[in-house]
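A lone chain, given as structure tokens: the form predicted alone.
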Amino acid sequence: MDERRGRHEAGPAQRGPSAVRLVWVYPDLLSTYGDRGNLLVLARRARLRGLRVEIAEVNSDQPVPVDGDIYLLGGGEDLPQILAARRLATGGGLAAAADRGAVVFAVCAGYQIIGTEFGGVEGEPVPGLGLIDIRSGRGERRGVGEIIADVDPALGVDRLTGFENHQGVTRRGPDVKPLATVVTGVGNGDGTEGSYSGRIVGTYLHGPALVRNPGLADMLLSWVAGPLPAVDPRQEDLVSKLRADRLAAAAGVPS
């Protein structure tokens, strides 16, 4: 693996961009459980702060641009996941963007793809992109249902809520930190959920993850645009209710 990848310090850019450039990678292959919502909520929360937004939705027959600020990968079934990994490796655009310090946020199949290896249709090892030092394989237990996880305190993000549906087991290399510690659910399979290194973040959470967890969305935006002003509380009513409902449901508390 290129030692530069995943080693960029997590933090704001030196100068805010003229526009936040969001790149939705391979929606034709990697877009299960409404993961496109991650793109929509990033765009909305940026615009609520007065930031201009540019969006590129890049299908698998198109080159991935290297000049984006935040790259988003969603979930997918086994065969589309393998095809996506091969095309991304051949094209090289996502790796080049990560090398120069772009933010990458990857969910489920996308999370596994950005690692060095993941399990194929029969559990056979399939090469990943090596953007982050993780290895994923097929576990004995399938994680299905609501998940709650407490984020690494260093990131300053509130408790995560999401939906998982996977049989992956993910192991981290020595320079990769767990995104969160599982309270309820399966996650990586070892009591942790997701991984991060520098500006590369992966998770098994659907929901979509950034819709349910606006603090996580704001963290990604701040890495690009610097410190963000607060959002008008009147714009947060629906997401606050969604978070409260999902956290209560996962904890078994009647709403």
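Residues carry their position along the shown sequence, with the first being 1. The model shown is predicted, which means the values in this text are computed figures rather than measured ones.
The same protein also has a form predicted in complex with glutamine (GLN), omitted here; what follows describes it.
The closest heavy atom approach of residue 167 to glutamine (GLN) in the model of the complex falls within 4.5 Å. Taking non-hydrogen atoms only, residue 199 never approaches glutamine (GLN) to within 4.5 angstroms in the model of the complex. Although the partner is absent here, residue 60 is not a contact residue: none of its heavy atoms lies within 4.5 angstroms of glutamine (GLN) in the model of the complex.
With a 4.5 Å cutoff on heavy atoms, residue 206 counts as touching glutamine (GLN) in the model of the complex. Stretch-level contact analysis of 87 to 95, 178 to 186, 74 to 82, 153 to 161 against glutamine (GLN) in the model of the complex, using heavy atoms and a 4.5 Å limit, identifies 74 to 82. The single contact residue among 134, 149, 109, 103, judged by any heavy atom lying within 4.5 Å of glutamine (GLN) in the model of the complex, is 109. The partner is not shown here, but in the model of the complex the stretch 135 to 149 reaches within 4.5 angstroms of glutamine (GLN) through a heavy atom at 142 alone.
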